[in-house]
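Given as structure tokens, the chain that follows is alone and in the form predicted alone.
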């Protein structure tokens, strides 16, 4: 278990998420790695919200147990007091909650959060800042870490707001220092922090990656869990010269993105599974016209509207086979914030080079959780693959869809002299004119699909985390990577050696490398957040290997490391 696991809970509107992010960043500034996990119901207003922060030297995911519970209402105690470890503690608003449990040596820290908030000159909502201040005091961290974060977080809202939040946090810190100061067992001490450490979500990292990759057009329609990505791109569009459009629906969003790419701009759109369902016809048109476009698909619990604010990995097969007919595509599924950044840059470059649509597949847990990451290496953006005017001038007979050996044809954009071509949704000849000639149709389909021969060699190999000499090989993708890595470290403490095969590129599928790793494994276990084992089925289809041990979870909740570790021990017969 991490050194400290902190959880704040209350109703929507209590500033739960904001408080969690600030607490996580304060701990990060004190030199720790953090993982922040948010839960909120699919309601327009109200409902129980929580934010959990795990703090340690190395931490990959949320924890099943907590040490310090902050309750802004009685419901939080009723729901989460049972998750407290022995010697854990509850901070609660003595102005709103009558008392807290003392079972299992649980400490109770009644603090007049509402009264202290009002004394700070703020409204009742700044109770969350009072609670954060008290939490940092009990955890043993100096107030300066929190002060620096608050100044950064509220700088854009004016000095008065900064001052109110600072006063509220300090009042909470001082109250805790004067009451039960040495009573809390789970102290964390500050250490030298790496100046390269970031705290961000998968959505944040994808947005930064898109900017680095040279994205110049973004269109989207808000839909959980990618709404924050849309907000991110909107907030930074002017600064980085990006044309941003808040579309009226998902159909409009993808068609605008395709149009922008047709005109020569690197473009992106983002949606969830329901929105991508509406995008599918246009997605196929991008395949037919060989127009590069990047689509972020954030999965949540389905089918239909399902559970809009909960997580799942149920859309893998959907994105692999979306749209009628067959055409080359790229599907990448990063597993943490760093991979979200680097894969986004990589996918933009590959999509443009091979003139194919590409999907970045994330799940709600990855998209919205905050986690530590080392500052990204920027490197140089790979230049575009659009013909230059002098190249076009040297071509006597420009054919946009010429039958090349690689399948990649010369690409012009509107306005280029000598670069005229037709692009529509019909099958066509090399110039883009509609054709029903069977020989032309066959050759054009084969030409497009030839891109996959080079593309599969260019994408990175699957990643094997840990020693090859392992008792068991775990297989995971997307955010399931995170609890799997945590489980490997838990198992190591019990003398069980495990490693992890993480598959990032789902298409093209690197079957040869995956087959070699799995055939060399002593035992295997695959963990997926879906009901049918979609990756397991893809592995069986492409390699002939059936992974008999499956851990499937499809109740809208992400995996805990303990669940994976327990399943490993069951498979190995350790208990």
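Residue numbers count along the first chain shown, from 1. In this text the structure is predicted, and so the values were computed from the model without any measurement.
The next section is about a form of this same protein that is not shown, the form predicted in complex with another copy of the chain.
Under a 4.5 angstroms non-hydrogen atom cutoff, another copy of the chain in the predicted bound form lacks residue 64 among its neighbouring residues. By the criterion of a heavy atom within 4.5 Å, residue 534 is counted among the residues contacting another copy of the chain in the predicted bound form.
When contacts are judged by a 4.5 Å heavy atom cut-off, residue 469 does not count as touching another copy of the chain in the predicted bound form. At least one heavy atom of residue 274 is located within 4.5 Å of another copy of the chain in the predicted bound form. Contact with another copy of the chain in the predicted bound form, defined as a heavy atom within 4.5 Å, holds for exactly one of 395, 464, 115, 307, namely 307.
318 is the sole member of 354, 154, 180, 318 with a non-hydrogen atom within 4.5 Å of another copy of the chain in the predicted bound form. Heavy atoms of every residue among 278, 281 and 323 are located within 4.5 Å of another copy of the chain in the predicted bound form. With the partner omitted here, the stretch from 331 to 339, 159 to 167, 472 to 480, 426 to 434 that lies within 4.5 Å of another copy of the chain by heavy atoms in the predicted bound form is 426 to 434.
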